[in-house]
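For reference, the chain that follows is the form predicted alone, supplied as structure tokens.
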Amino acid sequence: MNLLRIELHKYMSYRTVWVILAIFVSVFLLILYASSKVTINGKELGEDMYHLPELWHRLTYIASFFNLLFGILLIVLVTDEYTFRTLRQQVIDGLSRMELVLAKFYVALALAVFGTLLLLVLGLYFGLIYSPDSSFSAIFGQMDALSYYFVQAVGYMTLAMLFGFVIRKSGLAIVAFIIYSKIVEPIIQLRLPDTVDEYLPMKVLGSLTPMPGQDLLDQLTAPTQMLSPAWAALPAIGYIVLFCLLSYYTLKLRDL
């Protein structure tokens, strides 16, 4: 908690943090509202978009696209430590390199908690108002999707944190992070059998929030080989631990 207090004290007045959080909230709300206006087979989704318990899967799927934004924020926070030489000062003041990594990991946890709580509040608000079924089973039946989103968000941010510690320059780290997640790994996935590529980092994390209606889509096209969210959670947590350890060894083996 002391490490988290130190980090929050540094970033509470940091404009970049508040700008990115404001973008996340405002754009997410806009997309959530606009999604209800989508027309399928001549019928507007309307309030059907907010029906429980399916709403939890829709919310987490939409929110998964914003993990890239959270990742970029983590990269900025890490690389700024190098730019302003605060990492070296914190070591001089008595923090270990492991504590430096844990401090950023706790920031990732805090951001993931923020995102998850936002989804919880929005899900309850739209679900209780617009869903025809507001029973206990409807509200809590598929709420486990929020826990999978939480793990996914932390996974994205710890990977971004690793890029920040390895590259040290915010611009280069952000570009490398985006290229790896959106270009490099998808190309690798195409060259590997499905039984192997489903365990790659980005595909594991993506499996935690599958697209709503994916089963129906697979019936019309070639099936998509992905782990179920429950099976993807364990390797995702393993990757989170791995990314944190690699960040630690990067700090340990390099001069600050």
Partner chain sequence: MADILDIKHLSKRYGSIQAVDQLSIQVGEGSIYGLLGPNGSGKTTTLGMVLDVIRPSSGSFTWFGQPISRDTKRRVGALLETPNFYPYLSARKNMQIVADIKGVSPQKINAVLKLVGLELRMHTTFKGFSLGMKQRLAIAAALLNDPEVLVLDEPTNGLDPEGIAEVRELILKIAAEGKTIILASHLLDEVEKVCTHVAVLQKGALRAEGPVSTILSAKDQIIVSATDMAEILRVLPQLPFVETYTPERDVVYLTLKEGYGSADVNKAMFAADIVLSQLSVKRKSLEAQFLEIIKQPS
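Positions refer to the first chain, counted from 1. Model, not experiment: these values are computed from the prediction.
The same protein has a further form, the form predicted together with its partner chain, not shown here; the description that follows concerns it.
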Would K182 show up as a contact with its partner chain in the predicted complex if we use heavy atoms at 4.5 Å?
no
*asked:* I'd like to check something about T86: if you look in the predicted complex, is any of its heavy atoms closer than or equal to 4.5 Å to a heavy atom of its partner chain?
replied: yes
Using the partner position in the predicted complex, report whether L109 sits within 4.5 Å of its partner chain, counting heavy atoms only.
no
Can you check whether D133 is within 4.5 Å of its partner chain in the predicted complex, heavy atom basis?
no
key: Triple contact flag R5, K10 and V91 to its partner chain in the predicted complex, non-hydrogen atom at 4.5 angstroms   = yes
Among V113, V175, L95, L124, just one has a heavy atom within 4.5 Å of its partner chain in the predicted complex, namely L95
Looking in the predicted complex, the residues of 158-197 with a heavy atom no more than 4.5 Å from its partner chain, listed in order, are none
